[in-house]
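This document starts with one chain, in the form predicted alone, laid out as structure tokens.
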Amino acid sequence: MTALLYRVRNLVKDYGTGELRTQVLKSVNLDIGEGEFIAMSGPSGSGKSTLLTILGTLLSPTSGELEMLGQNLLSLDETGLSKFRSAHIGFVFQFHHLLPDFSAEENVAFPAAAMSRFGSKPIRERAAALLDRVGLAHRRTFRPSELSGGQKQRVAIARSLMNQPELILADEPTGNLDRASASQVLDLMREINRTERTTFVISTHDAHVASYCDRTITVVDGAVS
């Protein structure tokens, strides 16, 4: 039986008050197991991006319970949340968000350097090893402007792995790629999931992406099924 990594109960997210109140998430209940590879699908405006952002502790819910690795996340202050997020959650975005003046290796190293998790030499060695893992050892000194879209996204995946997180949240990670590059990125994430047992939750509109996953969480009008 798969061990529980993340537990969500009665999650609600509102914006505004009174007559202007809009409920974006409606009493969401969700369990995410260790080592799962999950697609999160739903139409634009369904609430899936809001849910993914709350799971990543980048946005606070209006009410409900969030627990990861046995830690009540809503009991933590901003400093505690930042430390927890840096140590246990990685992010991959549609537009990669690489630092333009940094090399590929420096971009990958940034999460560990920012939290001083390792010494400078171990950080460089791990960043180089991760770039090798994603097939970009020969591009480690290149800046983002010198990389293709698929290469940038592989750098972003390597960066998300830098602090050895248990969970990676990916928001439309192939949405800006052609089909061939998208398949390479998905194959890479799937390989990491299988070999490292890293849990992935991938927000997507694309049925092709969802077909790679073990199960699909569907978000419609703020509710999960």
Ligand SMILES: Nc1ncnc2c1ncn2[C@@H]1O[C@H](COP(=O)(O)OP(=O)(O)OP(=O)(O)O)[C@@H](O)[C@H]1O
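None of the values given here were measured: they were computed from a predicted structure. Residue indices: 1-based, along the sequence shown. If you superpose the two forms and keep the largest set of C-alpha atoms that fall within 1.5 Å, you have the rigid core.
Unshown form predicted together with the ligand; subsequent notes refer to it.
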May I ask whether T50, E172 and H205 all come within 4.5 angstroms of the ligand in the predicted complex, judged by heavy atoms? yes
What is the one choice in S46, T57, S181, N163 with a heavy atom within 4.5 Å of the ligand in the predicted complex? S46
Indicate whether A210 is a 4.5 Å heavy atom neighbour of the ligand in the predicted complex. no
Could you confirm whether V24 comes within 4.5 Å of the ligand in the predicted complex, counting heavy atoms only? yes
Would you point out which of 186 to 194, 62 to 70, 36 to 44, 153 to 161 contains residues with a non-hydrogen atom within 4.5 Å of the ligand in the predicted complex? 36 to 44
Has the Cα of L20 moved 2 Å or more between this form and the one not shown, judged after a core fit? yes
